[in-house]
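Here we start with a single chain on its own, the form predicted alone, put down as structure tokens.
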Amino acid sequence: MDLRGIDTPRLEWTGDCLVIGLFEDAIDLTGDLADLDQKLSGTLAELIAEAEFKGKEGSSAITRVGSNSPIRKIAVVGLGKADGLKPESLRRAAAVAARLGKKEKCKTLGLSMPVWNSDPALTAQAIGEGIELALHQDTRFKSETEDKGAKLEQIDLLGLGGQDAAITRARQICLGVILARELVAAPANIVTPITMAETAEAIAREYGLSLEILEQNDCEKLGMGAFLGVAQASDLPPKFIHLTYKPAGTPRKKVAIVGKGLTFDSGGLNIKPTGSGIEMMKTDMGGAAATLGAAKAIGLLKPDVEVHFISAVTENMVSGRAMHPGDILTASNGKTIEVNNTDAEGRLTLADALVFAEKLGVEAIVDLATLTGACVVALGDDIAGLWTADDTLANQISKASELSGEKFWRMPMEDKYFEGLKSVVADMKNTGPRPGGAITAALFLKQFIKDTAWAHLDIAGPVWTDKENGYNSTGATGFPVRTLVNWVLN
């Protein structure tokens, strides 16, 4: 599909379907819209009236135009309140328009949207992201595709001529999101620690990143007892992945992104029961998937920032070699951990990954993980939790998420809750009491950072959706690749 910005007025555009974005309760046809309606013999006004279209966000209506018209169909999509317009509003409206065009079997689509904040580049990027992500379909595991008939071949962004760079940037970022989606969506017999390492190798080779993969012996030499304790039950070897992007010149800053990479989580000897959603534990590498997705996007965008992408990848399985509840593990910083729940394994792998990341001398570390059900209970399926004691880093992530439209809520780092993690026989346990479980998980991770600015993102809810939501179809969302990329770039 060809996505392009053009300066052709909507009065003059020709093609299969012209889609116009309209604000809520501000749909009077004036100016060139009145002229367009007259040109279409009143079809636009008739559509708005018959569909009782009010411009609410996510709403749409479409109709056929007379046979003598230069366009076959005319459509409207709602933008919500004018004073609430954000890049996310444009992203979602563009997704509605793209899906509508596809459903109506249009080959060419013209899209007319307002410019946000007098910024045509950001407007074009947001619209481009909405279109690319809405039209992505993962049919890898289906014998027959449901996508039959005419396909969208060209989408014109009216009034956004000269924004080719912004549209290209949108496509590059979306390629990273789509990689993350496809990694999360694939089953555990397809995405394994081995294939995750192979994916990292492909990214390094194609986009000029350097790659270090630590095998089990390498991890043993570094004293990664927490990570290896989780890995020891699996028949598949663990892979500690370290991808590095370095700019051509002196980097403006150096950062690290650390993703949890459990390609399948059985719960270990604290095995997850039937009915607990165990079949969805293929998604427990959502943090690592987003980390690799961000690596792909950064490799394409080539910013002036040095970025380290890290993941300790393994399965959490059950076997005669499995760690037992009550075992004591020693992490690579010397801290000892009593394992009182083998199903709280992600934080164990992240512990050694965070120690490794801090030794790289970066200015900031962000880890992301499908870490706790407690975070989903607290914030629901659409909002991720953010923990950090560093206000500057918190503000950076918040600004990055505002641009991406991916939602985060800053949660408290209540240090006194660490009392619940204290162990009689070790430095700490890997889980605390049920109340505040997402907070104690963050406090556990904090024990493996010394001085570097650090933030923890619990993304357990938003990495998957059970219903179509904006530009996300049912399934893996690729959350939060776009926020990570925005954080790196800005």
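As the structure is a prediction and not an experimental result, all values here were calculated from the model. We number the residues from 1 along the sequence you see.
There is also a form predicted together with a small molecule; it is not shown, and the following applies to it.
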Exercise for the section: Indicate whether the small molecule has at least one heavy atom within 4.5 Å of a heavy atom of residue 343 in the model of the complex. Expected result: yes
Practice task
Check whether residue 44 has any heavy atom within 4.5 Å of a heavy atom of the small molecule in the model of the complex, and answer yes or no.
Solution key: no
Practice task
Please check if residue 431 has a heavy atom lying within 4.5 Å of any heavy atom of the small molecule in the model of the complex.
Solution key: yes
Problem - Proximity of residue 347 to the small molecule in the model of the complex, heavy atoms at 4.5 Å - result: yes
Handout entry: Region of this chain that lies against the small molecule in the model of the complex, out of 383-391, 78-86, 260-268, 234-242 [heavy atom, 4.5 Å]
Key = 260-268
Practice task
Indicate whether the candidate residues 126, 129 and 136 are all in contact with the small molecule in the model of the complex, with contact defined as any heavy atom within 4.5 Å.
Solution key: no
Practice task
Consider the chain as shown here, without its partner, and state which of 373, 326, 223, 247 has a heavy atom within 4.5 Å of the small molecule in the model of the complex.
Solution key: 373
Completion exercise
With the partner omitted here, the residue among 156, 315, 352, 284 that in the model of the complex has a heavy atom within 4.5 Å of the small molecule is 284
